[in-house]
Structures are given as C-alpha cells and as structure tokens.
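Below you will find one chain, with nothing else, as structure tokens; this is the form predicted on its own, and questions on how it binds or moves follow later.
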Amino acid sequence: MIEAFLLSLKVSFLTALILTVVGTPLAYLLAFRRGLLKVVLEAFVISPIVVPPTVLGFYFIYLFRPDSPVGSFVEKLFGKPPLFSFEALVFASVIYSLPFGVIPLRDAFEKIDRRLIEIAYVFGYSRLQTFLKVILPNSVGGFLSSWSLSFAHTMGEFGIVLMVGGNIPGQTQTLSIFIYDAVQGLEYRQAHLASLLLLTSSILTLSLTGLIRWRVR
C-alpha cells in the first residue's frame, strides 16, 4: 500500500508540475485571445471533463501501440515500449487533468484589471515583461488552485491509468488501483486503509492550498 501511495504522489507531483509549465501558455491564449482558435482550444482543454477516461485510454493505447508509427518511434527513442510504464502514467495524467490545470489559470488571468496591462505597455514593457511583472504577481491564487486541483485529481485517477499503465506493483500500480485490487480480493481492511489515506491526502492538499491562498490575499 505504501509503495502504491508513494507512486501516486510521484505521478501527481510530476503531473501538476508539467501542467503548470504547459498550462500557463494555454491559459494565456484562452484569456487574451479571441476568435475561432480560442473556441477550438477551449473545447480541447475542457474535453477530458466530459469524455470518459476509457475513451481517452483507448486512444492512448491505439496511438502508442507497438506497431503504430508513434509507438515505434517512441520505443526507438527511449529504448522501451511507451505503454504500461511510469512515463505512460504521467503522460495520460497530464492530458486527463488538463482542464484542472488550465481553467483556474485562465480565470485568474481574466480577472486581472486590463488597465494594469495597458499601463505596462505604455511604459514600454514587452509581453514577456508584462507577464512576469504584472500578470504573474496578480495570479498567485490561480497558480495555487491549478497546482492543487491537478495534484488532487491525479491522486484519484483510476480508469485511464489502469488502461495505459496496467497494474504492475511497484511500477504502475497507483493507490486507486491498489484499492480496486483489495476490494476484488475481499481485503476490505486494506481497501479501507488505502481509501482513508487517499481521502486524507486529497483533503490536506486542498486545505493547505486554501490556507496559502488566504495568506497571500
């Protein structure tokens, strides 16, 4: 159980970190761009909320299967099959938790007073300087929400991680999969302890983030 918990923590941390890096430019485009590109991009970002994880998992398996161009390329690049590995867990988690990483950032960017941004441009700031000195300091709460929601959501993932990572103890068996195995094996005490551990970690993550946001304000 502890091994599965530590693996879940590792996957969740890396997923939240990657989503912070990848989600920031996506959120920026959604907040400050208009037109068809924004509509399509927003639909893509939000789609994991409404698309079943089994559908996403199926397309991951289809895309990265050994006889596919993408799957064979990745296998040659890294020297091992992309499916049923730790890397597959992280990649699938990034896609599945994408809306939880991007939407809080988009909302935080949209709430910034546009006059502050216009003043920065008047004083000769570039877009990058404006982002670093105006947008970023006024979006700390959004980044905290993005990180905590991505982390907590990944901790509880089940369907997609089971499909793309399998159930290999010590390698791809996350805590949610461990709970499923325990229930299937009628080991209800183990399932209860693991469920309590998962529930407690999620609540602590969200509570700590809320406390930090309150202090920031």
Partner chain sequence: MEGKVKVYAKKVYRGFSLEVDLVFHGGLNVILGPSGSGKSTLLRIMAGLERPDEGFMSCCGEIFFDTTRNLWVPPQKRKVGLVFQENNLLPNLNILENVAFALRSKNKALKVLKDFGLEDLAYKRPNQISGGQKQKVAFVRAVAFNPRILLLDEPFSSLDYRAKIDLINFLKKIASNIPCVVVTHDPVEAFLLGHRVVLLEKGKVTGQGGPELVKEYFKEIEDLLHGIEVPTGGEPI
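Numbering follows the first chain given and starts at 1. Everything numeric here is computed off the predicted structure, so don't read it as measured data.
Omitted from view is the form predicted in complex with the partner chain, to which the following refers.
Trainee: In the model of the complex, which of the stretches 117 to 125, 68 to 76, 143 to 151, 91 to 99 has residues with heavy atoms within 4.5 Å of the partner chain?
Mentor: Selected stretch: 117 to 125.
Trainee: Does the partner chain get within 4.5 angstroms of any non-hydrogen atom of residue 85 in the model of the complex?
Mentor: Heavy-atom contact with the partner chain at 4.5 Å: absent for residue 85.
Trainee: Answer yes if any heavy atom of residue 133 is within 4.5 Å of a heavy atom of the partner chain in the model of the complex; otherwise answer no.
Mentor: So residue 133 counts as contacting the partner chain.
Trainee: If you look in the model of the complex, which residues in 136 to 160 sit within 4.5 Å of the partner chain (heavy atoms)?
Mentor: If the 4.5 Å heavy-atom criterion is applied to the partner chain in the model of the complex, 136 to 160 yields 137, 138.
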